[in-house]
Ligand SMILES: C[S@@+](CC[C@H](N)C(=O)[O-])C[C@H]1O[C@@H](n2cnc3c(N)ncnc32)[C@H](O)[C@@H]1O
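Just the one chain here, the form predicted alone, laid out as structure tokens.
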């Protein structure tokens, strides 16, 4: 079923065949996708991620089966996972260590829940004897404050074993249950997206059970089962084709003219703090200084434009002639000023490629509140889909 047939079935009106750019229609990704998307897309939270329904629609409109789709700012891996599920070849990159682990975890998910649970139980049996040997003397106090000591030992032991085995799927699942207020998570009461404790709302004297030991085994197994709750793995999953890098998109390890489509949501222009917001997850992955990571990420307002200029040159270099680059960008409002990122980057793209990246369209899409990770925020009100092609 092509994109036009899908629209007709969903909304019961007739559409004539039109140019690809004119097929953009926000009704294809209207509403919340949390109850409709593959549950592999929900391994671990990520602030500012692209909506999976939007990624799916863009893939259907602008690519064909077996095309190579590149996401140079993969974030939580929404685009590369949707690409594989749609029988495309996925190339993905992100400089953030957390984004890399999360994306790789999705792409390396076992082909079935049965296999995933079997692998999980085998690894957890190994961890049981290892956890008591873990000492907490070198763990900083701010990390200790989130966990019961026995839970913290088990969590550290599990990460060590998973890193040694390079099991990124289970690492991503474990990152997804690190902190929350719900009983299926490992921490004391905390927010889900950004790590801060909620002891004022849940004082220990009133909610003592929320500060007790929480075992890793039962919670990780339950998390793996949730990952397969609503996931249709293609029959050819074991032969899926993808490449993934953890580098700066200013220098992609890809030959010239190799990519059939670039679909990505670059970092918002100084609006989100990707390392700070994920500092607890980064710590468990071995990255102790989140501030250093934040300084290197393109989202940093001080380096955004010069780095994006180089990234756009790279996008032009690796894209095949005649093919599309689609960037989902957020307008940013801060201190009474609006940064219209799509307009800024479209002008930048034309300048750095001497007009060889052609601007086809900037499609506006208002962000409703149900699509926000943080409700009622006003930092980003619009997403704009910038469509360009290479001549």
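Residue numbers count along the first chain shown, from 1. This is a predicted model, so every value here is computed, not measured.
Keep in mind that the form predicted in complex with the ligand is not shown, yet the notes after this line are about it.
Just one listed stretch, out of 353 to 361, 44 to 52, 318 to 326, 61 to 69, contacts the ligand in the predicted bound form at the 4.5 Å heavy atom level, and that stretch is 44 to 52.
Interface residue remark: residue 178 is not counted as part of the site for the ligand in the predicted bound form, having no heavy atom within 4.5 Å. Put simply, residue 265 is close to the ligand in the predicted bound form: some heavy atom of it is within 4.5 Å. Contact between residue 96 and the ligand in the predicted bound form is found at the 4.5 Å heavy atom cutoff. Mapping the unseen interface onto this chain, residue 274 counts among the residues with a heavy atom inside 4.5 Å of the ligand in the predicted bound form.
Residue 73 is the only one of 269, 91, 73, 169 with a heavy atom lying within 4.5 Å of the ligand in the predicted bound form.
Only one of the listed residues (119, 248, 231, 151) places a non-hydrogen atom within 4.5 angstroms of the ligand in the predicted bound form, and that residue is 248.
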